[in-house]
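The same protein chain appears twice below, in two forms, each given on its own as C-alpha cells and labelled structure 1 and structure 2.
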Structure 1
Amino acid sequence: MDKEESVRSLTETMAKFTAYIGKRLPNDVKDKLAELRTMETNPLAKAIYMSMADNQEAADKLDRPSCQDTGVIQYFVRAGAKFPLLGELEQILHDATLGATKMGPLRHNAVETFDEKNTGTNTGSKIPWLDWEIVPDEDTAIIDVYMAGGGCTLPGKATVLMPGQGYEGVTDFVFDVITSRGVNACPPLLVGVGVSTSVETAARLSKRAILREVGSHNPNENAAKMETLLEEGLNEVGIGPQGLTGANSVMGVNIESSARHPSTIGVAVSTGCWAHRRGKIRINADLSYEIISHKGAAL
C-alpha cells in the first residue's frame, strides 16, 4: 500500500470501529451488567435491568446507536514511535469521526464554545479529543475510543486536597460525587478515580481509569485495596439502576495514580454510565488490526 492508500484504509477501519462501539457494549461491561441483574431482588430495579438488556438487543438487531447520546468522541492513543502513520494519525481520527457520524449515524455533539453553534459534523476545534502516549521502539498503536456522553460527563469533578486530609479525604470526595451528581448519570456507573498531584493530572488519570476493564485492579496493593473498599462501600448505599435504589450502586471503582507533590493530593472522579461505550483496538504496522474489547466483532 502506498501512503495515501494506507491513510484511507486506516481511516475506514477507525470510522467503522467508532460507529460499532456505539451499538454494542464491550464484553467486560456486558458481563458485569448481567451479573448485577441477577443480584437484584427489587422488582423496579429488575425491570430496569431488563429494559437495558432489551435495548442492547434491539440496538444490535436494528444496527443503531444504543443510546442517542453518542458523546463527544475521544481517542486515547498509545502509539509506538515507529508506527508508520504516527504523523497522520490525528487527521485520520478526525476523518474517522466524520465517517462514523454518517455511518452510525452519530448525534452531532460538537458545539463551538463562545460562538455557541453546533458544527453539525460532530467535529470541531480539538474535537475529536486526542490523548497521546508514545512508546519507544514499538511499531503498533493501541487506540481506545470513548463516547463521552453528556449525562455521565456531568458528575466529573477534580480538586486538590491537603495532605492532612489524606486518603480519608479522597474517600469523602468520591462518595460525595457519586451519591449526589452520580445518581442522575445513569447508574450503575463505572467510577474512575485519579490520585495524583494537581487537578489536570488527576482528571486525566481518572478518565484513563474508566478505560481500564471492569474488575481489573491497580497494580499497587494499597490502591487495589482502596478500589475494593470504595466499590463495596458504594454498593452498600444501594443506588440501584437509574438511582431508583437496588442491591448495588456501581459496576466498579478503578483508580489510576501518579507520584505527587509532598504538599498536595490531586484527586478527580470521572464516571462511565451503564452504557459504557468504549472500544480498544490494536493496529499493527501493516495496518491489520485486532479488536480487544469486543470478542468476535466484525467491522
Structure 2
Amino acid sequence: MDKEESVRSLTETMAKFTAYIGKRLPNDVKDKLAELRTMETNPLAKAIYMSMADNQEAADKLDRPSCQDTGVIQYFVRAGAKFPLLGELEQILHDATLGATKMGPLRHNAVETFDEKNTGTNTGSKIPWLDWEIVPDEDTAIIDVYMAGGGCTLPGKATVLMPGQGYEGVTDFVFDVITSRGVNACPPLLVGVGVSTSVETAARLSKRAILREVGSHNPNENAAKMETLLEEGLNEVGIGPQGLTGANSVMGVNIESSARHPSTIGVAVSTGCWAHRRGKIRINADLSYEIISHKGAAL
C-alpha cells in the first residue's frame, strides 16, 4: 500500500486499540485482582472486588468504558529508527486519539491551560502526550497506550532528596505519598517509583514503571528487593479496595531507576488505580500488529 493508505490504516488500528483499552483491562491486572479477591476475609472487601469484576464484565458486554474518567491519553513509543512511518507517527497518534474519542466514547479531558477551554477532542497543546525512545537498526514500533486518570495517576508526586537521606528517605517518601492520597486513588494501586537524579527524570521513570506488568521485577537485585519490601509494607497499612480497609493496599510496586548525581536522589511516585487501563501493541514494518497486553484481543 502507498504511504497515505498506510497512514490511514495505522491510524485506524491505533484508534481502535486506544478505545479498546478503556473497556477491557490487561490480563495481568485482571489476574491480580482475582488473586487479591481470594485473599480477603473482610466481607465488604470481597463484595467490592466482586463489584469490580461485575463492572468489567458489563463494560465488555456493553462495549463501553469501565470508568467515566477515561483520562488523558498518553503514548509511550519505543520505535525503531527504520520503522517506515516514524516521521508520521506523532500525527497518527494525534488522529488516533480523535478517532478513539468518538469510538469509545471517551470523556473530553483536554482543557487548554490558562484558556480554561475544553477542546472536546482529547487533543490539544502537547496532548496526547508522547514519550519517545528511538532504537537503532530496528523497523518495528512498540507502543504503550495509557489512560491517565485525574484521581489516580495525574496527582503523582516528585522531590529531590539529599544523599544523606538515602534509600530510607525514598521509602519514607513512598509511604507518605500512598498513605496521604492513596485512599482517593481507587486502590488497590499499582505503584510506580522512579529513582533518579532530578524530579523530571524520576517522574518519567515512575510513569514507565507502572507500564510494566504486575508481578514483574527490576533486573537489579537490590531494586527488586526494595520492590518486594515496599509492597509488603504498603499492604500492611491495610487500605484495602476503594480505601475501605482490607488485606492489601497495592497490586504491586515497580521501580525504575537511572544513574544519578552523587549529591542528589530524585524520587517520584505514580500510581495506577484498580482499573489500570493500559495496553501494549507491537506494530511491524508491514503494519501488521500483535496485541501484547490483552491476549486473544481482536480489534
Partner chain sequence: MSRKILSTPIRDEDLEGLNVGDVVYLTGHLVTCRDVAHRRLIEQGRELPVDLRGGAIFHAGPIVREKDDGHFEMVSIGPTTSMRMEKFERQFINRTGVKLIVGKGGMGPETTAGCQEGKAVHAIFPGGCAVLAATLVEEIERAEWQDLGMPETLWVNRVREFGPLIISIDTKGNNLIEQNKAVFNEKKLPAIERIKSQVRFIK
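Under this definition, the rigid core comprises the largest set of C-alpha atoms superposing within 1.5 Å between the forms. Shifts are known only where both forms have a C-alpha. Along the sequence of structure 1, residues get numbers from 1 upward. None of the values given here were measured: they were computed from a predicted structure.
**Student:** Can you spot the form predicted together with its partner chain among structures 1 and 2?
**Tutor:** If we ask which form is the one predicted together with its partner chain, the answer is structure 1.
**Student:** Taking the rigid core as fixed, pick out the runs of 3 or more consecutive residues whose CA atoms all shift by at least 2 Å between structure 1 and structure 2, and give them in sequence order.
**Tutor:** 153-155 is the lone stretch that moves between structure 1 and structure 2.
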